[in-house]
Structures are given as C-alpha cells and as structure tokens.
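Presented as structure tokens, the chain that follows is alone, the form predicted alone.
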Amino acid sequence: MARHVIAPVDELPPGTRKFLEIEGRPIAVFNIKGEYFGLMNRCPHQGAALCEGPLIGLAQSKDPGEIEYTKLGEIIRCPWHGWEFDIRTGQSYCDPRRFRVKAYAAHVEPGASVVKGPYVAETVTVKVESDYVVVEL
C-alpha cells in the first residue's frame, strides 16, 4: 500500500474536500468533522465526477410520517443522477448490493514523520511544524 502526502491539515478544514489525481486515479479527500476520508471521484453508475456533488445527510424513518436526518455532511450525491454514497465507506444507498465507490484510508501524520528531519541548510536547522493529511491507496 503506497502512501501519498496530500496537504497540510490547515489546507483541508472541516467540511471541505480536495480533488487530486494519484497514480492516474481521480480521488477526493474529505474532512468530515476532523476525520479524513478518500473516495474515488467516479460514480460507478455512469462515470460522473461523483465528488463534485453536494454533501447531504441520510433521511431515515422508523415510523410513517417521522423522518430523522442522520449522517449530516457524510453522504455525497452524484451530480448527474442523484445516486447517494456514504463518504466513510463508499456504500451506495441506491443499490447497496450492486454498487460501491472505492474508498481509501486517509489519516493525519505528524509533519516530522512525513518529512524526516532535522535538515541542515548551511547553518540553519529546518523542521516541519505542521501535520499533513496522508491517503493510502
């Protein structure tokens, strides 16, 4: 499993996403309430750029006429046909047995572990002071 350094943590605040291509794969990394998740940016239905769709919640009902919204900001809706996927798992809510979008593990590592140091440039010590988001393929 290859590791890829994506960005400093402060470049991906909660509620945002970052689009990138890794090894020819279109991927988006999401920060959901301080947790990081990677998803293939391609809808398995017809190939749309899935991760450009809106972040929504999941409407659930235990009894008729009662609707509870859960997983707010954790469901992505395909911009073409409205198919919905869980950002954490890639699970489809339209047809969970047949469709899933590829999910990638993403986590934060201390900057010093991502960029080993200290480095010395002439007489100046260089150190990493920020944490970075890392995605694993």
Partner chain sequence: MNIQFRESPEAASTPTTKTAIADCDIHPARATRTELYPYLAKRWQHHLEVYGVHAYQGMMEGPPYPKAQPNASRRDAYPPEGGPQGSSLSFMQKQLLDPNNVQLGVLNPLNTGQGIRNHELSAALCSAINDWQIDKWTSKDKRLKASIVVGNEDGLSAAAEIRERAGDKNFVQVLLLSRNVEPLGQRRYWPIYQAAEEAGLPVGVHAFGFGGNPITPSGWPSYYIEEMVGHSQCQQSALASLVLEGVFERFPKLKMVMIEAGFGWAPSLAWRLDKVWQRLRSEVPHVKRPPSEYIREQVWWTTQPMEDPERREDLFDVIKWIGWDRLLFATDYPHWDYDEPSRVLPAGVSEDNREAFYLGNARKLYGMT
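Residue numbers count along the first chain shown, from 1. Nothing here was measured: the structure is a model prediction, and the numbers come from that model.
A second form of this protein, the form predicted together with the partner chain, is not displayed here; the remarks below concern that form.
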All of 9, 14 and 34 with a heavy atom within 4.5 Å of the partner chain in the model of the complex: no
query: For residue 45, is any heavy atom within 4.5 Å of the partner chain in the model of the complex, or not?
result: yes
message: Is residue 78 part of the interface with the partner chain in the model of the complex - any heavy atom within 4.5 Å?
response: yes
- request: Find out whether any non-hydrogen atom of residue 52 is located within 4.5 angstroms of the partner chain in the model of the complex, and reply yes or no.
  value: yes
query: residue 56: heavy atom within 4.5 Å of the partner chain in the model of the complex?
result: yes
